[in-house]
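Before any questions on how it binds or moves, here is one chain, the form predicted on its own, in structure tokens.
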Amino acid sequence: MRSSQNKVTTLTAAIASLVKNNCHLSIGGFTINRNPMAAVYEIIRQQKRGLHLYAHSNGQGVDELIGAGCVSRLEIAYAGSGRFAPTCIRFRRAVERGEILVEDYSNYQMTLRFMAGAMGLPFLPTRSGLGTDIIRHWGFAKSLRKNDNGLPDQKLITIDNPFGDWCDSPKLVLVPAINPEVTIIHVQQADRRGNARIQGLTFADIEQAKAARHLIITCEELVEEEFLKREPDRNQIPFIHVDAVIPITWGAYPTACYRHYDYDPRYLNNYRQTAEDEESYQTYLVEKIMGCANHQEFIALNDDEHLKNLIADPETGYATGLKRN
């Protein structure tokens, strides 16, 4: 159990101390929503290598970590950034070049895997995947699994229903738990101890957070504990899971953070074009990511008027006037 002490720290320190080369890392968010992008960029700046990455259905965060050469293996359901990149560009290129190993699961299977990890179980049963090649095709060889204590011996196992034909499910799929060494999520509000509140859709972030040995939370707002206690039913993550809290505004940019700001169509369109060209992409890494000392400098590359257009409408939680094309 984590202590109840003040866990506020800097992003640089948190990534340096907890995200090690070759570690098993999970990041939250969904496609272009609430990716922990400030942390992603800091991982890139610190040139972490050999990461075994887990994500549910992530987009921008996964693509940039892979593009920067930080990832060697990936387990995921879907890697895409909506219409901007229905399949993530640097992800696809790395797969085609054989630069990373990828093992794919269904969306529901990935959620169950994180849930099993959060529950302290070795696996959970499901019918998801029956009749598909997801069960048959493995991304990691048996020899790799045997030599890595962080991986289960098998991808998935199909068994006979031990209760017979009850519930009309003669076959079940067992999905192995995921227990990342580190999970990183971005939330709207957290206090100094690490109690956290996610507004809007939570995706698989709660399960990812509770399944991890170590948890880094970046937040838009650092609030007092008394504030969160006023509506405790809206808080999803208690301090006992948390190792570090980093308040950082625009921490999910260029992806969206519900009720704070929307995703940035201009950035994501430009990123797609840049990522498709090798020379342009390397220039992008040097100038936009490595060339900024921190996330504040990265955000400052935008003019104030552009950022203003992304601010969420308090009624809907989205930027209602945003030109998304």
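Quantities reported herein were computed from a predicted structural model and do not represent experimental measurements. Numbers for residues come from their place in the sequence shown, where the first is 1.
Although not depicted, the form predicted in complex with a further copy of the same chain is the subject of the following passage.
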- Query: Each of 16, 45 and 50 near a further copy of the same chain in the predicted bound form, meaning some heavy atom within 4.5 Å?
  - Reply: no
- in the predicted bound form, does residue 221 have a heavy atom within 4.5 Å of a further copy of the same chain? no
- Message: Is residue 176 near a further copy of the same chain? Define near as a heavy atom within 4.5 Å, in the predicted bound form.
- Response: yes
- Message: in the predicted bound form, is there a heavy atom of a further copy of the same chain that lies within 4.5 Å of any heavy atom of residue 126, even though the partner is absent here?
- Response: yes
- Query: At the 4.5 Å heavy atom threshold, is residue 152 in contact with a further copy of the same chain in the predicted bound form?
  - Reply: yes
- Assert contact residue (a further copy of the same chain, in the predicted bound form, non-hydrogen atom within 4.5 Å, options 169, 249, 72, 189) equals 169
- Task: Select from 231 to 247 the residues with a non-hydrogen atom within 4.5 Å of a further copy of the same chain in the predicted bound form and write them out in sequence order.
- Result: 231, 233, 234
